[in-house]
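The chain below stands alone and is given as structure tokens, in the form predicted on its own.
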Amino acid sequence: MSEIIDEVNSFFPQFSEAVSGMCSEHVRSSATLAGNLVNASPVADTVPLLMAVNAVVHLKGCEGTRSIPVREFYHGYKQTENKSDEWVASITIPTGEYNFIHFEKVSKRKEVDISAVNSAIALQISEGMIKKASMACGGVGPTTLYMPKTSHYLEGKRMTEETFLEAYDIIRGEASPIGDVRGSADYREAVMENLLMKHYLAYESSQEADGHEE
């Protein structure tokens, strides 16, 4: 994981930042991205970003090779697509399709802590309109969830606060959080909605920093 931070930073800095805040340097020096995926934690910080950009897992095994989108890799809690005789050979991360990508997590500590809820969004924005959208959330179901209805709802809409507020009802219907030691079901649902708005606010901040609006 430590090597990944440097290797992807030039084309996927959001991923590098997420990995940097996941765990201690000691753990990152021995942990792997493939292990993080196959472990199938519903709050793994790498998975929402990989789902948002539609990354693909390439599996090898006794019967040959096959490729599975990360969005389709999980079938239930700790249930993954790979068979017992298959391993993750590589992961393809598409680039260039989205001009705004953002990741947020909520945890007791900002860094080196397990997320209660995390979320990633990838948007293709042109002339103030959302041409393409892709969103995923962790911690609100038995696996990290790709949000197809919310993603579809955002497409064709103006990139405004109102659009994201209206999407609350959509995203609420795509997840059924359960409570645990890191948060109640109601808390997780509220955080999921709040992170949706934080994605929008991050975009607004990026436009202000660049000195223009899309």
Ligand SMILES: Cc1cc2nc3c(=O)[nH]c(=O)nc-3n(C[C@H](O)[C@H](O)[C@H](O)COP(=O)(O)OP(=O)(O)OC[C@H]3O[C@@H](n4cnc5c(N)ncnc54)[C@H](O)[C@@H]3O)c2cc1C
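For every residue, the number given is its place in the sequence shown, counted from 1. Small disclaimer: the values here were computed from a predicted structure and weren't measured.
The following text describes the form predicted together with this ligand, which does not appear among the structures shown.
With the partner omitted here, the residue from Ala175, Met159, Val43, Ala55 that has a non-hydrogen atom within 4.5 angstroms of this ligand in the model of the complex is Val43.
Of the candidates Ser184, Asn39, Thr163, Ser67, Asn39 is the one whose heavy atoms come within 4.5 Å of this ligand in the model of the complex; the others do not. In short, of 163-171, 22-30, 185-193, 147-155 it is 22-30 that has heavy atoms within 4.5 Å of this ligand in the model of the complex.
Proximity of Glu104 to this ligand in the model of the complex: non-hydrogen atoms within 4.5 Å are absent; the residue sits far from the partner. Put simply, Ile114 is close to this ligand in the model of the complex: some heavy atom of it is within 4.5 Å. For the chain shown alone, Asn82 is a contact residue for this ligand in the model of the complex, at least one non-hydrogen atom being within 4.5 angstroms. Shown alone here, Tyr77 lies farther than 4.5 Å from this ligand in the model of the complex, counting heavy atoms only. Interface residues of 116-136, taken as those with a heavy atom within 4.5 Å of this ligand in the model of the complex (partner not displayed), are absent.
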